[in-house]
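Just one chain is shown here, as structure tokens, and it is the form predicted on its own.
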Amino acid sequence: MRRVWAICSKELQMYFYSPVAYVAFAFYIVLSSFFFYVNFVVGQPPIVDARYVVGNTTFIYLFIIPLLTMRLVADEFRQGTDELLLTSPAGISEIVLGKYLSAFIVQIGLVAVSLIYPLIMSAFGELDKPILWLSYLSMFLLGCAMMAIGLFASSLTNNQMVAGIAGFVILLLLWLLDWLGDAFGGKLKDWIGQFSLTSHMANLQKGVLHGGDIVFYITLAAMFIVLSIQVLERKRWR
């Protein structure tokens, strides 16, 4: 665990040294504020509901999470530090978990920043607390799964831009699975919908805590972390 935390600390420092992270956060704050203004101030909905914020904010994840994760492993290959890292006493699993833990902490930051919007909304009416907190839980779980996918994309190449594009494409495909299912209809629609990134948010955003939805995001994150470990294991023995 000490090595995992050491790698995580290094990665968090790299986030703060990187202008990309600041650009991604600024992009996130500007866009989420814009959507909040349009939906809540201009739209003036009949009820004060946190879901007006969560839906749009998670959509922004599609663009900023590839930005935040593209350098995690790809930059090691680009700088040639991958050999030093892969031959260090730390195991591949510890390296990947350390990098993912840093992305996990950044994800907490993203969720924390967006809490300003329900705080503002609470001044204009009472928020439904179960819907508020479960909606934010859905945002957090979705972000954790997307960070793992971004990490996996970063492990595939030594080019940060390619990693970012690959991460975006994978996330977009998983995001659009619901719409793809609609094209088929019937049982195939239900089967495809099970793998959609967004379909498992619906229950939580209705205030319904369903274990299957939580397990889906945790399993998805774990699967892509394991895939990242396997990719690096293959590179280690080449």
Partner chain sequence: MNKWIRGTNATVLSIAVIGIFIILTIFLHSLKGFQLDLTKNKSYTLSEQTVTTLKNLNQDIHIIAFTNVGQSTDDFLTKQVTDLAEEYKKQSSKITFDQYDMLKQPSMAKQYGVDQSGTLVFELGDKKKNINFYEMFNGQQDGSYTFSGEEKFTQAINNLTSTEKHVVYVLSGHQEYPLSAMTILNNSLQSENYDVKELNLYREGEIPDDASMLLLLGPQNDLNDKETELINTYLQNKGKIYIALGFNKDMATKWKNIDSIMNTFGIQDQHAVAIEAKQTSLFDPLTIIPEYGSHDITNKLSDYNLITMLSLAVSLNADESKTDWTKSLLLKTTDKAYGETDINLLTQSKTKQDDQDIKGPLNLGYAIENKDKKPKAVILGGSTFLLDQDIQNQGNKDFALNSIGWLQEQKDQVTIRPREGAAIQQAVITPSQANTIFLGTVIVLPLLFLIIGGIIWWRRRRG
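Positions refer to the first chain, counted from 1. These numbers were taken from a predicted model, which means no experiment stands behind them.
The following text describes the form predicted together with its partner chain, which does not appear among the structures shown.
Residues Leu12, Pro89 and Leu176 are none of them found to lie within 4.5 Å of its partner chain in the predicted complex, as judged by heavy atom distances. Residue contact check for Ile120: one or more of its heavy atoms lie within 4.5 Å of its partner chain in the predicted complex. Not displayed here, its partner chain is approached by Phe195 to within 4.5 Å at the level of heavy atoms in the predicted complex. Proximity of Arg234 to its partner chain in the predicted complex falls within the 4.5 Å heavy atom cutoff.
In the predicted complex, its partner chain stays beyond 4.5 Å of every heavy atom belonging to Asn56. Residues placing heavy atoms within 4.5 Å of its partner chain in the predicted complex fall in a single listed stretch, namely 108-116, out of 164-172, 91-99, 108-116, 70-78. In the predicted complex, Phe16, Tyr17, Pro19, Tyr22, Val23, Phe25, Ala26, Ile29, Val30, Ser33, Phe34, Phe36, Tyr37 are the residues of 16-39 with at least one heavy atom within 4.5 Å of its partner chain, listed from first to last.
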